[in-house]
Structure formats: structure tokens, C-alpha cells
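Below you'll find only one chain, the form predicted alone, shown as C-alpha cells.
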């Protein structure tokens, strides 16, 4: 039995030293020290020996098993180190890195950038004004009477804050027109401004949200007329929606412009002929008009010497009106569905 132990030990050492992989080592381990391994089998033969031989042979079996297992562990460590060195040697540090997946700008942000670029090409300057402002800037200076429905707390979000003695209560701006007042008070004439900001109203349905974006233009100078307004509207519509689209203006009423107009664009589905979408060939885009003389006076501008025009549109609205987009609910733009947002 001692000769058999010596044979097993030498055979195991020889195979371990020749092993080229961890898989081979695992097979050798099972062959010699596994449940059905050679050392396990010979250990079961001890029962046939005399009592004085059992202890001696059992000790030698354990020593052999220890030698085999230690050598397997050492060889496994060496093979692992060689594998790591091969990987390190094969790494090309000049290879491009594997970058994590990148997202993109939200569709509303993309549209804001596009609108800004369009108006900058014809000399408009992008400005930013507070989205939390005083009633005076949001309503009073814009020619809204005290009893106007828009000044009701069912329409506008009022902030629970002590009103300013001069400018009244604080509101979340319901439109970007507060920027008109601040621009005319703070800047020298002539003015050519684009203001884009979040606005807030107590509305929520397929075409409205409590928070949405507006972009507003303001031009003030000498001899500014409706011709300049119409030309600016045409330029924006053709630049954004396509060269074949047209605009028209219809008489309307806004407190801060006189005369005031609703702005329509020709339907992109039927080219203005009339279809299920537009009914009569036109789609409503937004509002515009000549700056009201009372608004100019509130900003210390003489309406007999200067005139101006303003226009205001919903960012989400012009996005939803773009051809090829199937957005039937404005609130979808502010959901968290990646399947929708990844389209843009």
C-alpha cells in the first residue's frame, strides 16, 4: 500500500506540473482527491490493515493528499497570473474606450434651440426674465383691468407671500409677456427681443398643462408696423414648418396689443385645401399684435414717437404641429416613457 501511495503521489505531481489550464487542474483534483478519487479509494482500504498499520498508513495518505492539494492551488495561482499577464500584454491603450450609452436633449429643449437659432438669424436677441414675478409686471403694466378673469386665483398661481407695496402680489407667470415690460424698462430703444420661458396656468387636458413653455417676440422702435409683424411671422413659419407653409392673421382681442390678431398657418396635410385635421385649410398657431399704447406708457415710452409689435406662441404647440409627429396629448411630452422620448 505504501508503494501504491508513492505511485499515486508521483503520478499526480507529474500531471499537475503539466497542466495548462484551470479546467485540467480541476479534472486532476477530482481524479486524485475527489469523492471517487484514487486517494479516497485507498483510504477505504485501511480497514483491511492491522491496527498498528492503520495509523501509519492513514498518516501517509493525509500527507500525500495535502501535498497534492497544495500543488494544485499553487499551480492554479500561477496559471491565473499568466492569464492576467497575457490580457494586459494584449491591451491596446490607443483603442477607443467603450463609452456608456448617451442620451439626448429633451424634444422641448431641442425645439427651443431651433426657435432661438431662427430668430437670431434676423437679429433678435434671446433674453431671460423671472418666472416668478409681481402682478404689476404680469398684468397691471400689460393693461389688464383689476377685474380681468386672468387675475383670478382660479386661473393664475399666486404665491403666498407678502405683496410688494408698489408691484402687488407675487405670481407664477401665466405668460412670457412680463418680459416685455422688463425689457422696455431696462433697455435702450430700439428693441428686438426673443423671450422663452416656462409659464404656469391652472389647466390640464390634452392640449394644456399646468406648466408649459412660451416664446415671445418684442420689437419696439420708430415706424414699426403690421408689415414688420407679418414678415417676421412668415419668416418663422417658413423656417420652422417648411417653405411652402403660409400665415394669416385674424382680428382678435388681447389686453396688451391693439390691434390684436390670432395667427394661423396653412395646414401641412392638405396644403390649405381643407381636411379632417384643419377643417378649412388653416391651423391656429398663436397670438400677436401691435404693442398697446398703454403698455408703452407704462414703460415710459412715448407712443406718439415709438411703436412696436409682439407675438407669443406655445413651444409645445409648435412642436406638436410639426408634420410627421403623432402627439395627441401635450402631457405625453412630460411623461417618463423612454419609448416615446427616444424617438427624438
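Predicted model, so just to flag it, every value in this text is computed and none were measured. Residue numbers count along the first chain shown, from 1.
There is another form of this protein, the form predicted together with ligand DAH, and it is not shown here; the text below is about that form.
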| said: Even though the partner isn't displayed, in the predicted bound form is residue 143 close enough to ligand DAH, meaning a heavy atom within 4.5 Å? | reply: no
| field | Contact label in the predicted bound form: residue 228 to ligand DAH, heavy atom within 4.5 Å | value | no
| task | With heavy atoms only and a cut-off of 4.5 Å, decide whether residue 201 touches ligand DAH in the predicted bound form. | result | yes
| query | At the 4.5 Å heavy atom threshold, is residue 254 in contact with ligand DAH in the predicted bound form? | reply | yes
| message | Looking at 214, 266, 156, 232 here, can you tell me which has any non-hydrogen atom within 4.5 angstroms of ligand DAH in the predicted bound form? | response | 214
| field | Contact segment among 286 to 294, 56 to 64, 299 to 307, 30 to 38, judged by heavy atoms lying within 4.5 Å of ligand DAH in the predicted bound form | value | 286 to 294
| said: Within 4.5 Å of ligand DAH in the predicted bound form, counting any non-hydrogen atom, which residues from 293 to 321 show up? | reply: 310, 311, 312
